[in-house]
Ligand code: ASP
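In structure tokens, the next block holds one chain alone, the form predicted alone.
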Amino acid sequence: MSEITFSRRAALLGAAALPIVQGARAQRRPPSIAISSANGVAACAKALEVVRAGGDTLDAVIAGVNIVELDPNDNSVGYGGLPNEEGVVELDASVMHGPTRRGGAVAAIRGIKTPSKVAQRVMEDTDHMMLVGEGALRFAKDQGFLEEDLLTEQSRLSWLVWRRSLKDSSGHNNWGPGLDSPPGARKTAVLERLKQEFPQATEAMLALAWEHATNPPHGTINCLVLNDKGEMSGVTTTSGLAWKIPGRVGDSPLIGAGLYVDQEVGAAGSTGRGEENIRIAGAHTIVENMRHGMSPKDAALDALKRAARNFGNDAKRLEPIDLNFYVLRNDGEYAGASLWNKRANGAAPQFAVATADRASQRENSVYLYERK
């Protein structure tokens, strides 16, 4: 009898406490938030707009990065991205949808401005995870995507200047002004020749082309979003390493490296030197770190330490490496982390964030090493 009385009492107490528990859970509902690489201020704003209107989290991040993919002035993503060594733009992208635990990717796809959308179609309309190269392009065209020339006037000009900047071990370049030219005349001669070939190009365009050729930029965009239901999705999209060997694929389309989402824990993505991130499965490593109790910041710094370990923690060897992580936990805590406190141009590494009560803006990333 006492057991029955106890059970009834426990049931009554449980029923009475249920509204309190539900209320506490409601209070703990995560805030809607989007984070991205530094070139994603507009992307974060768009992603948050979509989720706040009730849209799916994957549609939200893709709508966000489409802004950058279609921007001819972003030379590391989509249309206008810097090409491979043969002057052809090859794009990579991956997507992950937290609610269904599904993903899709494309790699080395040519002629399609929005590879993120193609990656989504791979996820939704096939039982494959990744399509590459010619097969990815055929699939995209079958899906109704328009094949286009992805080179802009600026990206083509940058490629031509890069060709003229090549040297052999003795400093000779067959595209240059000749072995008998005066010292220091090479850059001037190349730019003068380009002015003749591209009379419509401005001085600013030529200067940017020379900068691209001699100091190729590192880019890509990763975007992650969390809605107030706790649903998450992510996308990473890129034109990859400038002047790469045709067919080279970095970390961006590799699920577990350039992107990983598990909405029971959180999500992570990356930009920078893809080869180094692949070696540590960076995005997956970060999510697993959070699963075991690390904060987003500490989880990302740990991944960076793993990358540094592959160079014997030698700062001089790591000097040319650019690697950045973007992390969003399922309770809304976030972080951006970079290998270095300064980029090659001296700027601090940053990432973009948009929240329900704050407009999209950049914040500084934490970092592992300091450049003097």
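Start at 1 with the first residue shown and count on from there. Predicted, not measured: the structure shown is a model, and the values here were computed from it.
Same protein, other form: the form predicted in complex with the named molecule, not shown, and the subject of what follows.
- Shown without its partner, this chain lists P296, G274, G282, G78 as candidates; in the predicted complex, only G274 has a non-hydrogen atom within 4.5 angstroms of the named molecule.
- Proximity to the named molecule in the predicted complex, defined as a heavy atom within 4.5 Å, holds among A108, L241, L157, L131 only for L241.
- Although the partner is absent here, G250 sits close enough that one of its heavy atoms falls within 4.5 Å of the named molecule in the predicted complex.
- With a 4.5 Å cutoff on heavy atoms, G219 counts as touching the named molecule in the predicted complex.
- None of 191-199, 232-240, 94-102, 134-142 except one has non-hydrogen atoms within 4.5 angstroms of the named molecule in the predicted complex; the exception is 232-240.
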